[in-house]
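What follows is a single chain, given as structure tokens, in the form predicted alone.
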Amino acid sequence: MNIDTNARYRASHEYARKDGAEIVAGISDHAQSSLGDIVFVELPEVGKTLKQGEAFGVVESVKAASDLYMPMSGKIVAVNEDLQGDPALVNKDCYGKGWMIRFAPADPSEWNGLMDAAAYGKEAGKE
């Protein structure tokens, strides 16, 4: 299991990584591995404001469909358009080319409530 040590995580397997004033988010390597081959990703509209824990989209694999949850509250500033044509980018490079959304955090203190890489590794290892 590959864990981005620069990211923070939700128990539902979304990651958040700071990039300047914005946050890049997607699903963890553990999540994409558990889902199997990803065939479709539904992402929100740019400009949409969502609260922490609110669903921002859906990821569908050959096994199942799963909701995606906001790691922090914020306004969507970009979505990864490349996933429309190649959703398997999430399987190939979930922390890089397979990112899902970029958002401007509404409450930066929510970062502190997310799991760091070590805590997430323990949590994901229990499954």
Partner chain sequence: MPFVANSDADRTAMLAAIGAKSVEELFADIPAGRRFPKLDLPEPLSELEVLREIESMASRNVTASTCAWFLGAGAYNHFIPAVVPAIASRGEFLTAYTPYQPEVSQGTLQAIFEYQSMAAGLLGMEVVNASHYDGATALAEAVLMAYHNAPGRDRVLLPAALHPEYKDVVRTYLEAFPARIEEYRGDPAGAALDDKTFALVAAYPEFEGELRDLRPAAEKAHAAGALFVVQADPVMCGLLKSPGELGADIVVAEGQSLGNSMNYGGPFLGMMGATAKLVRKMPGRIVGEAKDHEGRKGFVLTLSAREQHIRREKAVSNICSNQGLVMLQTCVYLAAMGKGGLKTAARLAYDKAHYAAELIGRIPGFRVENKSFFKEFLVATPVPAEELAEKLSRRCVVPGLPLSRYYPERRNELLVAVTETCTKAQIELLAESLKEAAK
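If you're wondering where the values come from, they're calculated on a predicted model, not measured in any experiment. Residue numbers count along the first chain shown, from 1.
Note that the form predicted together with its partner chain isn't included here; everything after this is about it.
- Checked against its partner chain in the predicted bound form, the candidates E42, D93, D82, E54 yield a single residue with a heavy atom inside 4.5 Å, and that residue is E42.
- Contact annotation: its partner chain lies within 4.5 Å of heavy atoms from the stretch 54-62 in the predicted bound form, the single such stretch among 54-62, 98-106, 22-30, 74-82.
- Of all the residues from 67-98, those having a non-hydrogen atom no more than 4.5 Å from its partner chain in the predicted bound form are D67, Y69.
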